[in-house]
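Just one chain is shown here, as structure tokens, and it is the form predicted alone.
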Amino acid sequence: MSSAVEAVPASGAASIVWLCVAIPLLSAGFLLVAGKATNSWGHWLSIAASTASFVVAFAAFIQMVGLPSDQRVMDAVVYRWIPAGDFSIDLAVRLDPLSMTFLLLVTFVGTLIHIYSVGYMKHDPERRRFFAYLNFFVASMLLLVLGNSYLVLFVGWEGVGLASYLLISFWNHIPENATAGKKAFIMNRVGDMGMLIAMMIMFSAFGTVTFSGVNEGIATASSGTATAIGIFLLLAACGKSAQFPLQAWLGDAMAGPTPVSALIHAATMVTAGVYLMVRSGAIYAVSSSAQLLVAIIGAITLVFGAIVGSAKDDMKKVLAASTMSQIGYMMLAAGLGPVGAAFAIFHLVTHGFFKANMFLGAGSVMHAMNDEVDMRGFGGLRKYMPITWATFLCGYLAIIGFPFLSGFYSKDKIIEAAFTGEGWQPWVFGGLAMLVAGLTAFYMSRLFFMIFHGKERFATTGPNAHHPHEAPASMYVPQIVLAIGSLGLGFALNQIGFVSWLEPAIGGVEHGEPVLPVPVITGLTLVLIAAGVLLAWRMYVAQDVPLAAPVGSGLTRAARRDLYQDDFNEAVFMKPGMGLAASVAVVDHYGVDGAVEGVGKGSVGLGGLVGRLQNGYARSYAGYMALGVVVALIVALASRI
């Protein structure tokens, strides 16, 4: 593997790319401080801020395209953050093909989600605060991907965590929503500890946490140091990207408004872990153990998410499980080295379009069905919502890997990469990746058919009547744009050589030879996809869908409960933790507090006794003196015996 190129000082549009962070951050602060005075127009300011970030990013992209590949990694110091003699830490940004890819994805898809939210949140009295949080979310994610050191990245990392907490629990007057926000926040803190420990090891070993410094130092570091850093970074990625075993928060995060789900799943939060893995490729290149662990975690999660997604009836939770599984594909690819890392980012970009498209489509369905999310109460919505059906169809076909659509070019490349290597790995990783392609086709077809096809299962008369209708233009226009991306983005990126474009940032991409011929891999994958679609058709279109979920097999029941991940966490972590906290409270109350209160009460009692002895009567004092003389004589006599 050839290394990534050295950074050069930024110039032109690249030197002001920090505005991409500053503009939405200022907008968020203004909307929060200005308060209700901006209620009527604050959302337009928020959209303008996100759009401005995209314009700056696009200008920097045009500049980068015109540069030779060895000048496409640029650093710009914005502020001398922590000066201390010869040592200093700068608030600096790095613009290279990797960060540029995220910059365009976050600002473009994020702006579309902002526009969609105008219609979706139209009647919410706190819409202005919602848009302020959206701006803050975008600014934090952009800082995360633009930082030129792990420390600056970590500031954005924490900002993303805070923004997600605020948005997931936005409707916090509902206790379940408030709990979901806290769950996401706490589980992410577990991962964040990994990030902090990894940075401590970096600083101890290399004296710096900049990307350039760490990449230079890791080349001469011991394998133990590289492995430790790699494992703790992986822990951080598991928390942020909802990977096994820190994936339990993702399903509950659906409590937030649907545009938030689209932003988290398509352009921001869950993609941060994949970015961290790819950005840290030099570390994993030194430690094969840590790299293998990344691939294993990805393989476990992609299977886990697909099984859970196959049994859920809540359409948003099906999409959430799907994200978990698709991010698992990306993590698996990131664990395969530079070629896999490039395909991981490829799939991340196409996934950003078709997953945002489907989440916004789900929001339109909720808008039409009075916020109902149970697919068993839908059916036949195609004729009432033709635009939503058509745009959702594009996303659905893209994610299952329909030939020549976006997912076909990105996900199938990961499957091919998973079949490369030696020993057991290509057969296990490749086999699982191919199998999950069939499962993906099944559960996404199940989702699509249960919502839009088959018999209508909702009431059209009576007190619970539904009257499905298409969403307003502010909602369906972004869906149309994303649907076009779902169809053609993969083809376009493949044609322009997107994988080669990433090389200055992630290093040279060397294609290995799969253990099976590529046509065989492609053919078997398509057979599994077709089988998954046909099975879903037979179960959810050719047959009636019961309104109440059947009991199902043991695996189905387990999948409905997220394979008992919450039960496991409660039994292993929460209840012992609560027991420990209760024990500490008892010791604190009866031990620490009891001892302090005992000393206080003893002092008060002794003071009262001494006070009573000082009564002002001469005869009492004469008696005390006589008693003292007697005691002194007794002591003197006793000492002579």
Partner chain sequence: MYYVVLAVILFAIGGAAVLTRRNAIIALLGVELMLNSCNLVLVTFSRMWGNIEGQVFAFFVMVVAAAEVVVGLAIVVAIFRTNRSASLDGANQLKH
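If you're wondering where the values come from, they're calculated on a predicted model, not measured in any experiment. Positions refer to the first chain, counted from 1.
The form predicted together with the partner chain is left out here; the points below concern that form.
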Can you tell me which of 24 to 32, 608 to 616, 65 to 73, 51 to 59 lies within 4.5 Å of the partner chain in the model of the complex, counting heavy atoms only? 608 to 616
Exercise: Gly12 in contact with the partner chain in the model of the complex, heavy atom 4.5 Å: no
Can Ala622 be called a contact residue for the partner chain in the model of the complex at 4.5 Å between heavy atoms? yes
